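Next up is one chain by itself, shown in structure tokens, the form predicted on its own.
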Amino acid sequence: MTPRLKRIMALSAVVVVALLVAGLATGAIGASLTGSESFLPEPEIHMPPQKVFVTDIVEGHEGDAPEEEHAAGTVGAGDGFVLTNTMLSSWIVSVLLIGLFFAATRRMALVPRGLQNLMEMAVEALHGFVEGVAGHSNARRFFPIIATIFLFVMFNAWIGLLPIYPSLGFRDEHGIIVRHLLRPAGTDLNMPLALALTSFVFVEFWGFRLLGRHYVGKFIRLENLRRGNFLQVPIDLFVGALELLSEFVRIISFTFRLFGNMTAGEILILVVTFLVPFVALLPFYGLELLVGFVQALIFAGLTLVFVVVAVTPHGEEEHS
């Protein structure tokens, strides 16, 4: 190790320690020990999405929404078209993904370099993952929606870690943000629910598309009735009802798994920032990067597994 590199590492260590001490002194923990005010205001968690833009107020509903809803910027019953901070964030992610793929494919070369090489590696990895689970024949059918879900969930989780998210917003007369301009879409229950419904429709569509009427036999089992095994009919009806119920329970589990993890991550970042600003926050950012990737992989992977099970004939399931 050269002397210059040693000096750089020593200086970096001093800066990190200084920022850590400054965070302890200016955060809520240090303020409680010294009796002073915290460097950052106490964070307020707003579970409902907040309004960024409203077209108009529907007639007859001007007084329906409580005053505290209007003050907090939450969506009321009398609002017209509403653009929320979570919806705006999801639009930004959508435009970002479209822009990335457009830039990567605008001037494609036989030997990929730069962004094209990076995007091709990502697409090949995702395609290999789908093909490994669904097989070669179904990989091209399932790949577009699985890859879209994975990238959309992951980028929505990652983009919320940018410093502009907690910094931009509408302020009151004291300069305190009362409505944030941007907020990760995964912390809005509507986005995980929309993805869960998309996954549900996707699975059922390909089940009917590839198996036809035989797919209904997964829920309505009449084989024992045709054979005259009447004692087995109540069991078949009960199992079919459980299978049908499990299809809809999947929507709830998908929704609250993603919503819970994304919301918990945002709250964790806000609380740690308030308690110990600066350097102590970095490990939690790394943790949230991992959580965003894992949640995207789980959501897309479970959708892929469920659609593969749905398009597998019932006889093959029993044989396997």
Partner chain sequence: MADLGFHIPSLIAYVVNFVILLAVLYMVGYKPILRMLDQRSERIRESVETAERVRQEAARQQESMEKRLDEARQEGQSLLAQAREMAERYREEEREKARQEAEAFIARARDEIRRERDEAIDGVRRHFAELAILAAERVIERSLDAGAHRDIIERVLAESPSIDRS
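Remember, it's a predicted structure, so these values are computed and weren't measured experimentally. Positions refer to the first chain, counted from 1.
Beyond the structure shown, there is the form predicted together with the partner chain, which is absent from this document and is the topic of what follows.
- Interface residue among 181, 133, 119, 161, judged by heavy atoms within 4.5 Å of the partner chain in the predicted bound form: 119.
- In summary, among the residues 242, 109, 249, 235, the only one with a non-hydrogen atom within 4.5 Å of the partner chain in the predicted bound form is 109.
- Residues 208, 302 and 310 are none of them found to lie within 4.5 Å of the partner chain in the predicted bound form, as judged by heavy atom distances.
- Contact between residue 145 and the partner chain in the predicted bound form is found at the 4.5 Å heavy atom cutoff.
- By the criterion of a heavy atom within 4.5 Å, residue 220 is excluded from the residues contacting the partner chain in the predicted bound form.
- At least one heavy atom of residue 140 is located within 4.5 Å of the partner chain in the predicted bound form.
- Using a 4.5 angstroms threshold between heavy atoms, residue 172 stays clear of the partner chain in the predicted bound form.
- Note that among 284-292, 46-54, 29-37, 267-275, the stretch whose heavy atoms approach the partner chain to within 4.5 Å in the predicted bound form is 46-54.
- Counting a residue when any of its non-hydrogen atoms is within 4.5 Å of the partner chain in the predicted bound form, the hits in 185-215 run 185, 188, 189, 190, 191, 193, 194, 195, 197, 198.
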